[in-house]
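Only one chain is given next, in structure tokens, and it is the form predicted alone.
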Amino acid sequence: MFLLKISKIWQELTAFGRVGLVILLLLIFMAVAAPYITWQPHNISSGPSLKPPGGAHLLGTDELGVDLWSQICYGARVSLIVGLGTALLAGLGGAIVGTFAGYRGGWTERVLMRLIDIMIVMPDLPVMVILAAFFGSSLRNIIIVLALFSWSHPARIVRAQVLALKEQGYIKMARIYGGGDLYIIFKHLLPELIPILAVSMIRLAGMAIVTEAGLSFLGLGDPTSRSWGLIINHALNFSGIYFTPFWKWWLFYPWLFLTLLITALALLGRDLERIADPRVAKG
């Protein structure tokens, strides 16, 4: 059944969506298989410093002689963990808040919506920088901080869907025949919410990956993670990076893989949104 659903989704994807899915799967494979597809350590020197791509160093080395291909493969793990962790925390948290607000209504909805409005208008990046600096730059703390500032968007989307769904005839009939709140939510509402929530979580993942790279670029990322943003930070802090040929591999490759991942998520998310909501295609 699962394979049939995957096959159906593949058939409904456009060419751009399929390209995005293939790129995403390749990057996931690169992250998972990092110990097997890299032949140099990613955290200690294994060759001459600033060696151009070629030979034993596929993408060259940095100023310490650390292999860039290994750093990028292990850095993919960081980006995917941050994206997935933030998407799960913020998506599920936002879904719970949105479902509760939309289904219960009344003062509960008004209070939760005001909280959501405050979170949406709050300047998230400056507060994220302060919180990341205050709580520490571990990967777990970064995911928690990103989730705290991301749950409001899926909450609004889910709440709007719940408001429309709870007026459907079959929902009203289930309530009349004694269906409890939990039964209605898990039996009738969640199956309808999962597709649009999945699209929202893909967008959250892309946002989280970019934000983590930005925090790492500012020096607030996990210094032990070797994330792509941290590689770019080290490259730009190298004196005269733009006046030497070193940028051609030290700066270019982490930027390229970060761009590929974000583009893949954007292409896939756009197609999945069209599949989940046919009105998008008509618009």
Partner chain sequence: MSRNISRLIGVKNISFLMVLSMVGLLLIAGCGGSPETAPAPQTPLAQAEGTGAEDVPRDPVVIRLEGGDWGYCSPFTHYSRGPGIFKMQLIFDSLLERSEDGYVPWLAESWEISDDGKTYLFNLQQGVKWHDGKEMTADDVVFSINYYREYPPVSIFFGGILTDPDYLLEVTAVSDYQVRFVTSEAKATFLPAAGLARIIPRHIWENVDNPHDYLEPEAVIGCGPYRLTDYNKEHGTYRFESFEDYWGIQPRVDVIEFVPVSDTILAFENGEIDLTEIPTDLLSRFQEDPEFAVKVNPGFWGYRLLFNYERIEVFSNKALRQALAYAIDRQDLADKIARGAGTPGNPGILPVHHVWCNPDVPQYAYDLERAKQMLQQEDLTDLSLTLLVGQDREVRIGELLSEQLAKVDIQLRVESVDLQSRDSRIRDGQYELALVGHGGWGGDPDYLRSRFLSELSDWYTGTPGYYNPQVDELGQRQLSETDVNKRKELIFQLQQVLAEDVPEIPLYNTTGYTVYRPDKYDGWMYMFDHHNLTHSKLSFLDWK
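Numbering follows the first chain given and starts at 1. Treat the numbers as computed from the prediction; the structure is a model and nothing was measured.
The form predicted together with the partner chain exists for this protein as well; it is not shown, and the discussion that follows is about that form.
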Can you work out whether G106 and the partner chain are in contact in the predicted bound form, taking contact to mean some heavy atom pair no more than 4.5 Å apart? no
Handout entry: Interface membership of V210, the partner chain in the predicted bound form, 4.5 Å heavy atom rule
Key = yes
query = Contact between L125 and the partner chain in the predicted bound form at 4.5 Å, heavy atoms?
reply = yes
Check F243 for me: does it contact the partner chain in the predicted bound form (non-hydrogen atoms, 4.5 angstroms)? yes
Exactly one of L236, I37, A56, V32 comes within 4.5 Å of the partner chain in the predicted bound form through a heavy atom, and that residue is L236
Residues in 247 to 264 that come within 4.5 Å of the partner chain in the predicted bound form by at least one heavy atom, in order, are W247, W250, L251, F252, W255, T259, I262
